[in-house]
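Alright, two takes on the same chain below, each alone as structure tokens: structure 1 and structure 2.
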Structure 1
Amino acid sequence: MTGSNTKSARTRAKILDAAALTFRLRGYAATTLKDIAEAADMQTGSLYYHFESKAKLMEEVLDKGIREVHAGVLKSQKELAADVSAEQRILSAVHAHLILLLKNGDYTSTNIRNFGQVPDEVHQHHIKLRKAYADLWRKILRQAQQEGALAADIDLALLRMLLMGALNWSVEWYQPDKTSIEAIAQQVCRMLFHGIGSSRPLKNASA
């Protein structure tokens, strides 16, 4: 019945939202079910009608976080015209990742911030989805390299991890009222493709 619109489904969604928010702010262990219940305007005991444990609740939040960012990046790629450059495709993926992380964000950023510190069972359960998302990026980068848009000697695994790190870390510093997400994505890609050194190709490179 996922996604149905019964009252139960709506309450369930409200709890999940509250959990994502609270987990993101405080982390898994430091979040109590009372915190979540308060954020969802309920009593602690009532949560158990919808979720069997704190761990299961976290599992769903983490899963939804990865699914959202995965779907967002995938969509960004499908919406591109067939003939756009590899740089455009990567810019689009970077932008989509940042949007999901920083704007649509409690689920995805809970995922980023807490993945390392959940109970083993939750961690294990979640690994497959993480890998699937990593595979999407592998594919994007590999294609760019095969087309010759990325230098042949770039280590794609290293590049991917550095890029994910640079992007994911933005949850720690991003301020909505400063630079726009789109501007950040553009600058990331410009530095990435053309380098920060003064000898790099100039100006119109990112147009």
Structure 2
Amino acid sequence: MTGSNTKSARTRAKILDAAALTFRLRGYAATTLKDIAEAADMQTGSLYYHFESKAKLMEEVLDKGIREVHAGVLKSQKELAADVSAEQRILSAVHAHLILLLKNGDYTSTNIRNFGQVPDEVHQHHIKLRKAYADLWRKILRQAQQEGALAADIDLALLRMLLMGALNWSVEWYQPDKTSIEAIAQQVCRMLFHGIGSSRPLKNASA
């Protein structure tokens, strides 16, 4: 890569970072290119050299968030031994999802908060990436169910949506000085496979 291309890539990344932060804080509808330019410490006109519109900029912010998480979870599965347990496969997937999710907090939070606000053409483009990632999780959960690690009567679509919703919301409350990502992943999978209730019998409410 030449020096000019390297500089262009750095500028583009700087704009995307500024856009992700601004969209996260203001929302798509309320954000202007001027807002993003100010966050990136550059002139508004300079944005058009890299991105033709606010919609295109949002499209790439959304893409970056989902593509990196998808790649990370897929990699986590490929690195596992063929005979690993279903519980370990899901733990690895949850851990990878959280790492990429929290590493790219502005991107993932923008995705969660703004997807319903974006123009239809952006929505239609990005929904394909979301579906591909959902398909990866469907495969992981279906295999776990087929192996008996998940109950046969569990609705996997509902489980996937509940699991993704819980994991994705961590961008709003996660504090790295309080707990580790690995500990959160362990707790999530413990609750998934072993429940949250005490093994002690319930007392009669009227007793």
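For residue numbers, the reference is structure 1: its sequence is counted from 1. Take the two forms, superpose them, and find the largest set of C-alpha atoms that agree within 1.5 Å; that set is the rigid core. From a predicted model like this one, the values you see are computed outputs, not experimental measurements.
- Two forms of the same chain are shown on their own. Structure 2 is the form predicted on its own.
- The Cα shift for I140 between structure 1 and structure 2, taken after rigid core superposition, is smaller than 2 angstroms.
- Remark: with the core as the superposition reference, the CA shift of S85 between structure 1 and structure 2 stays below 2 Å.
- Once the rigid core is overlaid between structure 1 and structure 2, I181 does not reach a Cα shift of 2 Å, moving by less than that.
- The shift recorded for the CA atom of N104 between structure 1 and structure 2 is 4.0 Å, with superposition on the rigid core.
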